[in-house]
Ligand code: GAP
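As a starting point, one isolated chain is supplied in structure tokens, in the form predicted on its own.
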């Protein structure tokens, strides 16, 4: 139904003819015509329009407006669209923007921080929660130089760098070669990289100058501690803290293996040329689980029967194709131990079943002996296909590190890190489940970004969404607002709730779709009379009616995917 609306613009009155229409389950307000500056004239013109006396000019204006609206929601570059929404709505920003920012540093805004926290909680529940003898600990980002001598970082933690002899611009040689269509550049030695650059006559991408020979660049940030300026480093990975604390934690947890020590913390790498958004940062977050175990039991796991039939999506280093192979076959034919496969299967479940990553976008990729760290006996990276970065990108890894770390720390520190377990003294081996938190957040933004007829939106799973639900009074008015405020406050006890009473219902829906809010709860006239509310589902636009007294329980089930939306209440249509 069309209705007249008065707007005050710069202290002058203007009248418009508006209409509310439901499109794909969403209420949209559309301006049909400008009616003039007087109420009497507006009423007369509105009557003419309603009786069908629209002139050709009005029709052409309406079509032009629709065309403009359609153009506005078309996707350009996906990475630009995501970055624009993220900055506008508060997912992330370049750090210190007022000073021009610095490559490799990002600040999470209020929505981004909540999204990150939600991911971390799911990781704790589904990865750290795999065994009752797995615990989360907290250490320090600044560690003594001796730690990194023992770990091998001072000697081996390098990236290949080349420099323009003319403008002195420096960048990673392997990335530069990949940008110039050289495959598997990471597997080349620095001598081979130099040879390829000369053979292909590759020049500086900035000034076309000649490039220097490739050399190693250590990526750690050195610092000095105390009055005597003792040399230390910002930790380039969180894993070392677990190895340093192992023996004390083994004793504190009553001497049982496997023992898992989990850490979510910051790490620091002096990247030569940060790029690819959250994939090459100088300060970033890692979530790691170091599992200490008896190497003699590597081909067993008490819950092996749960996973032996599960098929893993694997790309071996010797193959170009992804294969789906059961854990049982991987164990018997490919000689990958059961202990490793159990946790690899659980990592795959985390991505496919918990984070809802599409199956065809997921794979394990085996790193060959040249690519992987020398101490990793088995190394598969978790890679996700990302449109924004043009292919499969590493977001996590499952690494069998043997006893490299404990052995190194034992030698440098002079402390015996062996433990007595199962009637013998052993130096445990380590299976590492390592996740780049920021890379996973970018993955969520990439995979769940969508554009439909109504505009841009993030289709996050409910358990990940920064805002669990938005609560609206259908129009301003104390009787609606009072109920809305109570509903919002009750739900805030367990969920992140947005209360919004500004703008049309259609615009409020659109704002929340854009930031990924899975459910919108509307309080209307029936809510006052019947004590129920409308819940709208973001992905489908469908709506149901639910009693206010049942709302908290139903919302909890919807967020945890314990009930399908259509079964949660009575279908509702205008």
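Residue numbers count along the first chain shown, from 1. Just so it is clear, the model here is predicted, and its values are computed rather than measured.
Not on display, but discussed next: the form predicted in complex with the ligand.
Q | Stretch from 210 to 218, 193 to 201, 429 to 437, 91 to 99 whose residues place a heavy atom within 4.5 Å of the ligand in the model of the complex | A | In the other structure, the partner sits against 429 to 437.
Q. So which of 237, 403, 454, 174 reaches within 4.5 angstroms of the ligand in the model of the complex, heavy atom to heavy atom?
A. Among 237, 403, 454, 174, a heavy atom within 4.5 Å of the ligand in the model of the complex occurs only for 237.
Q) From the list 499, 233, 279, 364, which entry has a heavy atom within 4.5 Å of the ligand in the model of the complex? A) Only one option qualifies, and that one is 279.
Q) For residue 118, is any heavy atom within 4.5 Å of the ligand in the model of the complex, or not? A) Output for residue 118 is no: heavy atoms all beyond 4.5 Å of the ligand.
(Q) Considering non-hydrogen atoms and a 4.5 Å limit, does the ligand approach residue 313 in the model of the complex? (A) Because no heavy atom of residue 313 falls inside 4.5 Å of the ligand in the model of the complex, the answer is no.
Q. Taking 4.5 angstroms as the cut-off for heavy atoms, does residue 396 touch the ligand in the model of the complex?
A. It does: once the ligand is placed as it appears in the model of the complex, residue 396 has a heavy atom within 4.5 Å of it.
(Q) My question is simply whether residue 331 lines the interface with the ligand in the model of the complex - judged by any non-hydrogen atom within 4.5 Å. (A) Heavy-atom contact with the ligand at 4.5 Å: absent for residue 331.
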